[in-house]
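Starting off, we have a lone chain in the form predicted alone, written out as structure tokens.
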Amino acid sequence: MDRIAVLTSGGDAPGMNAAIRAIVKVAAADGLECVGVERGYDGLIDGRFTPLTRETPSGMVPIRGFQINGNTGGTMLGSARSDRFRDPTGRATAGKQMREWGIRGLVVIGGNGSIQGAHKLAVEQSIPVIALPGSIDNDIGCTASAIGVDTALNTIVDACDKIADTAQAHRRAFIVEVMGRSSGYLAMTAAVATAADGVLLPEMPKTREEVLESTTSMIQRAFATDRHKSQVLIIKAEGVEYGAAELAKEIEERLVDIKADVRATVLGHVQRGGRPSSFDRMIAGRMGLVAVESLLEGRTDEMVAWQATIRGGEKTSDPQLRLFPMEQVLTETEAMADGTSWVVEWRAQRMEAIHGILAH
């Protein structure tokens, strides 16, 4: 193996650049040429490859500026969701492009959809592929964390701290909606980190009326005269189908016994941006190292998992990283999405246990 490629796909996540940097540096140190695929799987189909290493008299080295780029958010290679790659014809074209370019192995960084594509490419085109989990939602099976999760949480916590400041100044209740798709991990963890008064999670489903009743009651208790409380913070996961603004309006209308404003803030894509935290840079670097090692060992159709959440997987040179077959990762990811995974059950149990504590 003398040339490998790396691509980022799906939603961007802080730390993707740090993972790319690690892959390039490890490849160069092993004398491998590394190319980047621009714009995800669409770029793979179109053959949009860019050199990430160069040959020098002293050996293979990363291209200039890579050290700095690795500290930034987003992805220097660009990302996209590819409809063409969902078709076997598109995947066949991607495989043909790789063979024509002499690419002997591929590292894919992305979430569930990206790993599905990587699995199909590896199986159908017999190309060695290793995946790294990159998603702020933390909804990928077999891994305790994914690249980007920690940075997104830091962004959420910082925003909630600032919202709490203005809420306290005006005696307001705020409903803050955070990302996560069908996973409530970001909301759950941010609620504990900020000592929020309440949290709305898709893993703890309630009817609209139950949400309105319980949240209104909680705000009334919080603003009771003997509590001397001047602000309320409720964190809502985007996977909870009721809109934050509509909930805030209806709750405020129900607060007949007390005078309190209820406002809504949707943090949105600010959670995806920003320089990656030290933790995200660290796991990205360690995952990148194991990914290149795995390709050199002839491994394929596997994902690198950080602190595995299920038994099994293959040991790697890093005691906190294991390799799981992508098919197993996708099965566990589906179980997390439909609530049958023990990981989701445990999260719901922990939130049920501390839900009353948060409101105090």
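The shown structure was predicted, so the numbers you read here are calculated from the model rather than taken from an experiment. So that there is no doubt, residue numbering starts at 1 and follows the sequence shown.
Here the subject shifts to the form predicted in complex with a small molecule, a form of this protein not shown in this document.
Participant: Decide yes or no: are I136, G180 and H269 jointly within 4.5 Å of the small molecule in the predicted complex, with each residue judged by its heavy atoms?
Facilitator: Contact check passed for all of I136, G180 and H269.
Participant: Choose one stretch from 243 to 251, 269 to 277, 118 to 126, 203 to 211: the one whose residues place a heavy atom within 4.5 angstroms of the small molecule in the predicted complex.
Facilitator: Correct option: 269 to 277.
Participant: Go through R84, K96, R171, R81 and name the one with a heavy atom inside 4.5 Å of the small molecule in the predicted complex.
Facilitator: Looking at the other structure, the residue within range turns out to be R81.
Participant: Is there any non-hydrogen atom of E238 lying within 4.5 Å of the small molecule in the predicted complex?
Facilitator: Flag for E238 set to yes.
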